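One chain comes next, on its own, written out as structure tokens in the form predicted alone.
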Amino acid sequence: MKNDSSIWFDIVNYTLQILFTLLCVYPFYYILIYSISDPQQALKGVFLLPNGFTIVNYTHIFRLDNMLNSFFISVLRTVSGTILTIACSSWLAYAVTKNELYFRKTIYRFVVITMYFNAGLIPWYITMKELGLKNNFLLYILPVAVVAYYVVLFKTFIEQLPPALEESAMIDGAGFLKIFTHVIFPLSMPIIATIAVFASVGQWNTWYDNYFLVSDDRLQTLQLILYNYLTDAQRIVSSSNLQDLNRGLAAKISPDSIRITITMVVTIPVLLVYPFLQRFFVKGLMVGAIKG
């Protein structure tokens, strides 16, 4: 039976945990209820419930030019980029664990060095341009095919697996590629899920490559489009309210409602994906942190 001090400790502990959870969750909840509140009434403030429920903010956002195409490009970039990153980084990580690979330690060290040194924006721009990646969809996925941090995590995880698994597969006549695809990769789901979260969020949020190297409207990503709208919210508000006035609509949007709704639009996909990978995420991340 717990004594009084233990009971009080539990009360304080749970109270602090609940408060901390609310502090983390409420900003997202606030963005949600603000984005579905009437723009004019929301200026007076929202707290727990929407102030005049409406979806007019989202209607205006998705009515903006090139929105659907940019959304498709962002989704395609995120999915294909994440798959390529996982495939290439995991294979390289597996390769550098094999003694049969010549200069494997040197290769691994060169990969790790890139985590600490960066050439900078101008050399990066020149390199991408010389490789023919300007106004090219491959710009979004090829430069991140191998990411040093993910290679380290994969390598650490693979080294935790029992060597007997590979030895038994070799006895059955399997080569390195077959061992990787049929034994190592299926057993690496925790670290794959972890890296999938990192890679997909990174791909979804990245906009600077689009900003510097893509001028073709057909290749514009959602993040850059929304960034431009975010910085020019006042112009969008004036234009949209004028359109509503011409159509005889009563609703008027505000710069704050535009900014909040844009923030929600780019946040929703991440919030939808993360819960499905959460159960693998913590395990994979902890394994990668135990041994370097």
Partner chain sequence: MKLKANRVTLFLMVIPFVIIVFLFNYIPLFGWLYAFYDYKPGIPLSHTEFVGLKYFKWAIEEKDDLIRVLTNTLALSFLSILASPLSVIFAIMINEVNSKRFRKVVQTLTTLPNFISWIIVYSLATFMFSSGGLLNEVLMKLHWIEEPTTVLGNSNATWWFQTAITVWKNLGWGAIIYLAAIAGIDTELYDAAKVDGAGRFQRILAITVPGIMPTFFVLLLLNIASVLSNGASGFEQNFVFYNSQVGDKIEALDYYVYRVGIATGDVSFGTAIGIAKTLISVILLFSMNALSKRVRGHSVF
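Numbering follows the first chain given and starts at 1. Definition used throughout: the rigid core is the maximal C-alpha set that superposes within 1.5 Å between two forms. Quantities reported herein were computed from a predicted structural model and do not represent experimental measurements.
Quick note: we don't show the form predicted together with its partner chain, though the next part is all about it.
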(message) Which residue, Ile83, Ile107, Leu165, Val75, is the contact with its partner chain in the model of the complex, using a 4.5 Å heavy atom cutoff?
(response) Ile107
(request) Could you spot which one of Leu121, Met189, Val79, Leu161 gets a heavy atom to within 4.5 Å of its partner chain in the model of the complex? (result) Leu121
(request) Select, from the options 152-160, 181-189, 67-75, 128-136, the stretch whose residues sit within 4.5 angstroms of its partner chain in the model of the complex by heavy atom distance. (result) 128-136
(request) Using heavy atoms and a 4.5 Å cut-off, decide whether Thr59, Phe62 and Ala196 all contact its partner chain in the model of the complex. (result) no
(message) With the partner left out here, check for me: in the model of the complex, does some heavy atom of Gln223 sit within 4.5 Å of its partner chain?
(response) yes
(message) So in the model of the complex, is its partner chain close enough to Ala169 to count as touching (4.5 Å, heavy atoms)?
(response) no
(message) Even though the partner isn't displayed, in the model of the complex is Arg218 close enough to its partner chain, meaning a heavy atom within 4.5 Å?
(response) no
(message) Is Ile260 part of the interface with its partner chain in the model of the complex - any heavy atom within 4.5 Å?
(response) yes
(request) Taking only heavy atoms into account, state which residues of 85-108 are within 4.5 Å of its partner chain in the model of the complex, ordered by sequence. (result) Cys88, Trp91, Leu92, Ala95, Lys98, Asn99, Glu100, Leu101, Tyr102, Phe103, Ile107
(request) For Ile225, state whether the C-alpha moves by 2 Å or more between this form and the one not shown after rigid core superposition. (result) no
(request) Answer yes if the CA of Leu68 moves 2 Å or more between this form and the one not shown after aligning the rigid core, and no otherwise. (result) no
